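Here we start with a single chain on its own, the form predicted alone, put down as structure tokens.
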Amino acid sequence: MAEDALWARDVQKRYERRGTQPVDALRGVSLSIRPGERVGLLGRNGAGKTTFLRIASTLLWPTSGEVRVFGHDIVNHPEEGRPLIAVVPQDGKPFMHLTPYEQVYTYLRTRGFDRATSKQRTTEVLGQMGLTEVADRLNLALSGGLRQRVMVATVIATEAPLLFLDEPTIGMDPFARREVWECLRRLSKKGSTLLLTTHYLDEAEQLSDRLYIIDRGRVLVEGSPEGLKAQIGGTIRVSLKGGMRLKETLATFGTVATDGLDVHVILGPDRVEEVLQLALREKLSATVGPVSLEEAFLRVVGRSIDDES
């Protein structure tokens, strides 16, 4: 049986500073990713996603636990796993004094690719990412969204066996995000394995074969996007703005999730009209839509992905 592309068991990370209480960023994260899979790691800010990615990509040492990349113990021997990894870090920036072409080409050369291959891949990835027109401009002169595209293009061009992407499309417009999605799908078809974090739940649903939801440094649940949605108990979501006072009544119709003062009811189509009549009597605004990954996240974590309270 082939080795997992990434395997982690009971990974913990504690930050200790003199005069303050220790902070447990990770409290025993275990996961595994098969070669060629696209896996999403979801969680609110501070849940531990970036900490785990930094450990798995050998940029940070865990307090305890095991991590293996294609069978290599990267905690004790990180040099064995690094050639197999490429990373788009959160808040990473390209070299401002280089152009997008120079950025990608130089990175490929530093990773050991020959000149011909580096030139070919650089030209191809800049075209795929919609960067051809700005290929010879300094990164310093580009917008934040274009700089982020350059960062993603740099990593995609490596076609590394294992890619870590921490919020890869942050700051991009919807069209650019979809270009990135297509590039990542194309890359996984060639055999690369992807682990990404994102606050865009539609992105996680579009890109991920499986998802891990993490909160307060622990993995709460794992499954496919469709599998997680199926666990909610219905196919339709009715959202009542300011409906918290009706939470107990609404629970008789289906599964209830809260988001601040708003209440979402997950139910079947046969009882939607009853909930809407209740909302009308109580003079509450109500919206109806299909169940999404957001409801699955709310059910598991208890708060929306953007709730930082």
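We number the residues from 1 along the sequence you see. Worth saying up front: this structure is predicted, and the values here are computed from it rather than measured.
Another form, the form predicted in complex with a small molecule, is not on view; read the next lines as being about it.
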Legend entry - 28, 46, 35, 242 - the one with a heavy atom within 4.5 Å of the small molecule in the predicted complex: 46
Legend entry - Listed residue (90, 106, 120, 128) with a non-hydrogen atom within 4.5 angstroms of the small molecule in the predicted complex: 90
Legend entry - in the predicted complex, residue 51 touching the small molecule (heavy atom, 4.5 Å): yes
Inset, instruction - Tell me, please, which stretch of 276-284, 249-257, 38-46, 61-69 lies within 4.5 angstroms of the small molecule in the predicted complex when heavy atoms are compared? - result: 38-46
